[in-house]
Structure formats: structure tokens, C-alpha cells
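Shown below, as C-alpha cells, is a lone chain in the form predicted on its own; questions about how it binds or moves come after it.
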């Protein structure tokens, strides 16, 4: 049975809290599991995100013969790396669940192996386009079930034993951290040098972590280059995953839109390819203070204090989208509380996420009684909106489910949000933290 969340009417949202347990970054957790499996030596990871998506990545590498000890209670993982030549043929299909990051990055690893494999995911993943990774991997010499790089294929992907991959120069048609990371991982096994020419910057966690594991990744403007055959070495000390700004985003918007008060969130990843969300909210008039900046695992981390604010809507353009793709749903909630028109353009990528998020945002705002217009590549919301009592079906999209819950709590509106069990794919502590802030949450 699907889990629903009921939000009751009660006292308007007002906080004075410090939150120190935002979970580990999802993107970094995936990459730590992958590189820890491929390195020489033992990698110990703390504050690993024990969400369904990231745990699926661990189980996949266990199926590939990597000894991994998972302690869900204290969110720690110990990985005995097998090196680049130590992966084994799995005995079954590899299931990423709901993870687009998982399937695209792990396919880059599987494409270089001397054994066949199959990788798949849930119903949502089986609709996600994979041509964007099939094209460069095929150019490198991978054989993904004989699929032509011109086909817009979807999972499951059947990957046949690879001959030696060759380094290529790949001019990326879109700015995508998942595509970039897939090719960088495959390039570890490729002969010669692989160059990636990006049309624009995207999240750089893979480059940072490869360097952390001793791999040389050169950067010249928007061009990355990496030589195959380099050895990954386990770090000499335990890794601590920074807290995820994409999870913190929901509580940041809640605090901004609350009637009064503040929240302080500690240890949040403020990587410059991830903090555009904060920049947008500050531009909208959000009172946000960043303090105690430091480095954790080659990633910038800080404490973020957010105070209730009067917001003014803004325009998010195509150049912003690669840095905001996961936060646009919750930004659309902030737009409901802000004055003026909130406009998003150049975001067609939202159509092929866990749901068609443009349509999902339109449905959510409409259910709440707001004015919203959809475009092929974006949408417009006119605020502020007096949110009505609503019932919203998330369609199994975790970020849409959390966005709807936050809108109801911030506006003190009774609501029911359906299919909230999907939230466990990225933020399993969401309701635990929220119930510390308000007694109006009923999980059914």
C-alpha cells in the first residue's frame, strides 16, 4: 500500500531551530561507492546516504564481487576495493531502482568490463532516455546489445563484453553531470586520452572525487581530459559525506516562507556547481547567511541560516538550469509565496526526470488554486497564491512529493499528498525532521 501524508491545519509555521542531521549528499554518496569499489585498498565512509537509490548502488557493486559492509544504523560503509580489473560477472540483472544517476554512471563502468551484464530500474527509470550515454560509449567501442548510437533507447540495457575501449574526444551536446561522469568512468579503462568538451559547466563531483582517489583529471576551460589506466588509491582516512543541499532545499524554502523565525542547517555542501539555488533565493529577497565555511572531502561545506522573508519572483533561464535541475520543484513552491511572475525557460530536461516535472508542477500548482502556464521547456507561476486545501498525487516523484508537503506546511493549509513512500529514494529522514518542527504531519 502506498504511503500518504496528511497535513493538518494548526499553528502557522514559525521556527527557531538548528538542524544538524540533514542526510549525506546523494550525488557524492553514489560516487564514493563507485570509486571506493574500483580503488586499491579499503575505503571507510561515514554519513553515507542510506536512501534506496544509494543503497541500490552498494548492492550492485556487491553483486559485482566487491566486499562491502553496510551499517545502516550509523550510516557507515566499508568497501574493500577490487581495483579496475577485479569486478566479477553478476549472477542477475542489476537494479538501480529509481536512480538516474546510478544507471548512467554504473553503465560507464559496465561498458568497459570483459563480461556481459544487464542494468535496469523501476518503471520510471525504464522510461528515461539513455541515448545520451549510449552515443559516447559506443564511440569508445562499447557494445550495448548492438544498439546503434542513433537509437533513443531506454532501460533495461544489455551490455556485452567489451574489447579494449579507446579514448575519444567527445563534444557534449548538452551540459550533463551524469553524461560527463559516465564517460569519465569508462575512460579509466580506455587506452590513450579521453577529452570531454562541455557546452557549459555542470556538477563537478566526479572530477573532484577522482582527484581525491589519486586520478589526474586535467581541466582547461570547459574541456576535461583523463588518461586511461590510472590506479585509484583508497584515501588514507575515513570519508565523511557532506550534507545534501538538494535535501536541505526543502527546509530552506519552508523557513523562508514561514510566518516568522529562522532555521540553521549545519554542514551543508555549498559546491559552486550546486549553490545556484541559494543565489536564486537571495536574488528573490531571501534572508540567507552562509557561515563557518570549510572543506570536507575536497568539497566546500558551510552552515546556512535562513530567516522568514518577503520574496519577489524572478526568471530562471537556460544557463541556470543545469545547476538547478533538482531544485526547480521546490523553487516553484517558493514562487507561490512571492510577488510577481516566476518564469522558467530552457528546462526541457524536466520532462524526462522521475516524472514529467513540468506537467507535475502545473498539476500541483493548479490543485492548490494557483495560476500556472506550461511551455515545452518551462512554465510560469503568478504569485502570491492563497493556497487552498488540496489533494496531490506525487506520481512516485520524491521531489514533487516533498515540495507539496512543504507548500502545505508553510501555508498552514490542510492537504493530502499521495505516494510519499517515494521520498525514501533520496531523503529517508524527511518526515522525522519535519515532525520535530511541526505537529501537523500525519503519515498514513
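Positions refer to the first chain, counted from 1. The shown structure was predicted, so the numbers you read here are calculated from the model rather than taken from an experiment.
Beyond the structure shown, there is the form predicted in complex with shikimate-3-phosphate (S3P), which is absent from this document and is the topic of what follows.
Practice task
Would you please decide whether residue 326 lies within 4.5 angstroms of shikimate-3-phosphate (S3P) in the predicted complex, comparing each non-hydrogen atom pair?
Solution key: It does: once shikimate-3-phosphate (S3P) is placed as it appears in the predicted complex, residue 326 has a heavy atom within 4.5 Å of it.
Practice task
Flag residue 132 as yes or no: does it have a non-hydrogen atom within 4.5 angstroms of any non-hydrogen atom of shikimate-3-phosphate (S3P) in the predicted complex?
Solution key: Yes, residue 132 sits close enough to shikimate-3-phosphate (S3P) in the predicted complex that at least one of its heavy atoms falls within 4.5 Å.
Handout entry: residue 43 within 4.5 Å of shikimate-3-phosphate (S3P) in the predicted complex, heavy atoms
Key = No, residue 43 is distant from the partner.
Handout entry: residue 302, heavy atom within 4.5 angstroms of shikimate-3-phosphate (S3P) in the predicted complex
Key = Flag for residue 302 set to no.
Practice task
Select, from the options 280 to 288, 73 to 81, 177 to 185, 305 to 313, the stretch whose residues sit within 4.5 angstroms of shikimate-3-phosphate (S3P) in the predicted complex by heavy atom distance.
Solution key: The contacting stretch is 177 to 185.
Exercise for the section: Heavy atom within 4.5 Å of shikimate-3-phosphate (S3P) in the predicted complex: which of 271, 101, 138, 198 fits that? Just give me the one. Expected result: Going through each option in turn, the one that passes is 101.
Practice task
Could you work out which of 208, 353, 276, 343 is the residue within 4.5 angstroms of shikimate-3-phosphate (S3P) in the predicted complex, going by heavy atoms?
Solution key: So the residue touching shikimate-3-phosphate (S3P) in the predicted complex, by this definition, is 353.
Exercise for the section: Note that shikimate-3-phosphate (S3P) is not shown here; using its position in the predicted complex, name the residues of 14 to 39 with a heavy atom within 4.5 Å of it, in sequence order. Expected result: Sequence-ordered list: 26, 27, 31.
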